[in-house]
Structures are given as C-alpha cells and as structure tokens.
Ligand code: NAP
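Presented below, as structure tokens, is a lone chain in the form predicted on its own.
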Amino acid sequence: MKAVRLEATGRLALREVERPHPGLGELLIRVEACGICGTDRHLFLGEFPSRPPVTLGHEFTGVIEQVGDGVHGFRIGMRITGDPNIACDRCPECRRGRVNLCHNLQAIGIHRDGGFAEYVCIPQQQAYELPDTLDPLHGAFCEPLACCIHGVDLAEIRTGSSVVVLGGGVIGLLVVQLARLAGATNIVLVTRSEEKRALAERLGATASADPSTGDIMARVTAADGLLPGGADVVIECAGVAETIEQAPSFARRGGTVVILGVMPQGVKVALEPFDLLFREIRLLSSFINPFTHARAADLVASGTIKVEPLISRRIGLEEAVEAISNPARKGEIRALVVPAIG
C-alpha cells in the first residue's frame, strides 16, 4: 500500500509499504480521509517530538476492513473516527484521570503509523462509530474538534460570556462554534483574512476584527470597542508568538486566557507577570483531547458543528508530501488527504 513516511527531520516521502495486519484487539481501517494539521508540518520540520521513520496523519476517518482477535462491538464495514492519543492507563497521571498528560503517551501518526496511508491499524479503544450516512470527509474533523472541546471546557464559558478568538484557521473556526454552543453572547474572531472573518460570522461570531488595520486592542477593548473592558474569555488558536503575547491584553480584569494553538518546541514569548497578577488573569494551556473524542464525534455526526465550509481542498497521497512539506496555502483552512484520489 502507499503511505506518506516521515523518514527523518525534513525528509518526507511517499513509499510502498506492507499493508498492516490487526493484532489482538486491533482494527484495520481503510482510510477515507485524513486532515493535514499544523502539527504535521511541525513534525516535518523537527519542531514537535516524534519517532521516525513513521507514517504521519492523526486526523483520520475510515471504514473497518478487518478485525483482530478479541475485538468486541465493532464490525467490518463500520465507519469510525480514530482518537490518535493512546494513554498507558498505569502512570500517575493516568491514575489521576489526566490521560492527556500520560508519561507514556503514544500518538498514532506521531509515534506509530498513522492515517496518511491507504490503511491504518488502531486499538479498538481508540475507535468511535460514525453514521454510515455521514460524509466521510466530515469524520476527519473529529480529532481537531475534540482538542477544541477540551480548550473550551477549560475556559468555563457560561451563558452570557464574551469571548475573543485569536486565529481564523480550523481551530479558531471550530472554537467559534463551540463558544456559541456554550452560551457565549458576544464572540469576536480576530484574524487578518477577510474571507475567514466573513466565514466566522456565518458560523456564529457576532463580530470580527482585522489586527493589521489600526489599533486592534482599542478596536476590541476600548470604551467604544466591540467588548469594552475586554472579554471574559480569550482563546488563542493561531499558535504564533504575537497572538500569545497579545492574548492577556484582550481579557477583562479577572478574565481567562486559554492557549490552544501549538507553537514550535523551544520558542519563547514575552509576557508581563505584573499585568497577569494585577488584573488576576487566569492563564491556562490546553493539550489534546482527554475524554472528548466521543463528544466530538456526536457533534460532527449530528451536524451541530459545521465542517463542510472548513474544507479548502481534497488531495491524493501523491500530493500530500508537497502539501505537508510547505506552509498552508494563503486562505487555506483545512486540506484533506483522500487516498482514493489518484
């Protein structure tokens, strides 16, 4: 079968490899779609820890082709979404229920072979059923949505809350929809892209702002701004130093800031501890998807979260190497690798 292999930092290739066989308690999945995440580009550049040589791809959906011994509750032909994050269930963090902080965490598409391939094997506990009628491409959004759900949970958005979302990529646009579901009354998305600002307002943002025109802080937090005094909650979704440094300034006194965007390992940013202290800003970080993948699958399957507008292009495995090895195209939200193409 064909698979996109990270062979070393900066070296990615489409290879012919042996089709995997499901072991005890495993499922063989015929991949229908797998999203290209910013983390895949970090992996390619060596900015996120991984274990090459490995097949990349952690945002996948597909159909069960074969079941291994000891599998229960799954059948051949069932469509599933795969949670890539495998906790050990034995370490101190797992025993505390903090499975996303597992000392022995392994991720499909990072530490073991993933979904940029025609087939992938996963443990049955990582699979969640999706309706047969669901567009298979939509299932590829369950993993990023699950990560967003965890961030919104940490933010504790309540009915009537005001929220600023920094970044108009797939994470920011999913967070806008989740904030609306959580009861936020005012949701402001901040991004330079006019197209993404317009899409955010169609998906639930009450306003949007372009940080490249004028004083963005005054535009949002001034007495005559969109959210006078600042937001109850700020969620950073861009994963860039500038927006992480700005995020506390968008929050009101006593507000909450959640860092959801992923920055390259080792990059430092400047924050002012006195400001955080004096205004008692609650600064949190959100890592992956502890116990949220099933909720994400339900939201996608029901159509409550709109993902079709987030699909920028569909490409085959032959095009995936170039797409992952380069920055996302201007205005791109999510590119999906569809192995059946080509």
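As the structure is a prediction and not an experimental result, all values here were calculated from the model. The first residue of the sequence shown is number 1, and the count goes up from there.
The form predicted in complex with the named molecule exists for this protein as well; it is not shown, and the discussion that follows is about that form.
For the named molecule in the predicted bound form, the listed stretch (67-75, 237-245, 87-95, 133-141) containing residues with heavy atoms inside 4.5 Å is 237-245. Remark: residue 168 counts among the residues lining the named molecule in the predicted bound form, judged by a heavy atom distance of 4.5 Å or less. The named molecule in the predicted bound form is approached by residue 39, whose closest heavy atom lies within 4.5 angstroms of it. Contact between residue 190 and the named molecule in the predicted bound form is found at the 4.5 Å heavy atom cutoff. Of the heavy atoms in residue 211, some are within 4.5 Å of the named molecule in the predicted bound form. Note on contacts: among 102, 262, 182, 220, the single residue with a heavy atom within 4.5 Å of the named molecule in the predicted bound form is 262.
Residue-level contacts in the predicted bound form: of 227, 157, 147, 108, one residue has a heavy atom within 4.5 Å of the named molecule, and it is 147. Here the marked residues 196, 286 and 334 all reach the named molecule in the predicted bound form, each with a heavy atom within 4.5 angstroms.
Looking at 108-125, no residue comes within 4.5 Å of the named molecule in the predicted bound form, counting any heavy atom.
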